[in-house]
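Take a look at this single chain, the form predicted on its own, given in structure tokens.
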Amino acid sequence: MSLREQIEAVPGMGALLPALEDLPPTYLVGGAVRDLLRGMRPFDLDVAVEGDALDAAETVAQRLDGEVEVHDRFGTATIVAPGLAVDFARTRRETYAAPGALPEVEPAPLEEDLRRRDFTVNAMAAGLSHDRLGELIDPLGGRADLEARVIRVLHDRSFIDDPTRLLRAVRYEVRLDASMDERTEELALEAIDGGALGTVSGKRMRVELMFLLEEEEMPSAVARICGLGIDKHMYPCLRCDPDRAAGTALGAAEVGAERSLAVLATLMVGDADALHPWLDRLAFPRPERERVARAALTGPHLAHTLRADMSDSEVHSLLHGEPVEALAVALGWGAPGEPVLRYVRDLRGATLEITGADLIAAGVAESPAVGEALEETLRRKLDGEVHGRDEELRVALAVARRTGALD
């Protein structure tokens, strides 16, 4: 199948291509071209316009009865229309005021736009305008490198200008079953040893790290970042354990945890003094930050505490309230799978039919004894000793009476 035919077969292109008529020259760029050349369906569509990209995006959105969101910082826009989501950007050049800083951009021809990109395999374009539909523009040899499975930077300051490319290079190595060429790896090591990772914002580093931990061949990526020394410069207390990372990824799928968060937690030393400052630097949203921290601190402990012969109430008592990422970490650290899966499948949502209000209405004084009575009753219910609302209330009142909270 020709590149033109592949483009035409991409979902949404049947609507997008006619909507580009009479606009300035437009091109499919970046990862979408790379993936099409690999015979794969692209998931992210990036369109470069040699002209006013925002005006083009507005026009296309109107023609497709869609919506457009403008991103002022880089003069880009995202169109969402029925069956289609696509990003528009003007072809541009970039300059960096300082290592690790966000780039300053200005309009430039397509070839300059391709030369500003990270690696040759991502520096290709394919024409979308009618007269150039499917034409491959590859001035930097990206197709040859893709076929040779080589990851090659485009200039010597690439990793200095944008240190997140260090993680991206590893991600593309494992995704494409490729390797950095000798010069690219030499530049990567120089940037790592020179402290380049310390010049980029924690948020940008977190985004790239999470992408890497979602890769199918993630254990190989973990081994690679450790082999290059990225781990020690990124976070000195990172554990380099690809096997444990793989086990945690499998555990995340079993318990419904967010894979990247669980794997990150399993690779982190459970030392709050070291862990929390790094999570602060990565600028996680608070809910995610708390889940990662809790999983890193408690997951290994759960792995050492869980036993296959534990009763339902013991399993519930141990795991109740833990984020599912902690359960995935426990599995990655060798916890027996049966009690964890039993908890997720049968025990996590266990509740009583009675509430504290029922006990207070029956004469139990408002006190910690109410919670204690409910906990003891739930334990007995989980172990099959209590059945039905009436029996729950009878047992709970007996427990409260024993503690002196009910006459």
Ligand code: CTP
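Treat the numbers as computed from the prediction; the structure is a model and nothing was measured. One-based numbering along the sequence shown.
One more form of this protein, predicted together with ligand CTP, exists but is not displayed; see below.
Colleague: Taking heavy atoms and a 4.5 Å cut-off, does Tyr172 contact ligand CTP in the model of the complex?
Modeller: Answer yes; at least one heavy atom of Tyr172 falls within 4.5 Å of ligand CTP in the model of the complex.
Colleague: Even though the partner isn't displayed, in the model of the complex is Gly356 close enough to ligand CTP, meaning a heavy atom within 4.5 Å?
Modeller: No.
Colleague: Indicate whether ligand CTP has at least one heavy atom within 4.5 Å of a heavy atom of Asp145 in the model of the complex.
Modeller: Asp145: no contact with ligand CTP in the model of the complex.
Colleague: Tell me, yes or no, whether Thr164 is in contact with ligand CTP in the model of the complex, where a contact means a heavy atom of each within 4.5 Å.
Modeller: Yes.
Colleague: Here the chain is shown alone; which of Asp46, Glu50, Glu58, Glu372 has a heavy atom within 4.5 Å of ligand CTP in the model of the complex?
Modeller: Of the listed residues, the single hit is Asp46.
Colleague: Considering non-hydrogen atoms and a 4.5 Å limit, which listed residue (Arg239, Arg93, Arg168, Arg289) is close to ligand CTP in the model of the complex?
Modeller: Exactly one residue meets the criterion: Arg168.
Colleague: Just one of 334-342, 29-37, 50-58, 373-381 has residues with a heavy atom within 4.5 Å of ligand CTP in the model of the complex, so point it out.
Modeller: Looking at the partner contacts, the answer comes out as 29-37.
Colleague: What are the residues of 112-144, in order along the chain, with a heavy atom within 4.5 Å of ligand CTP in the model of the complex?
Modeller: Result: Arg116, Arg117, Asp118, Asn122.
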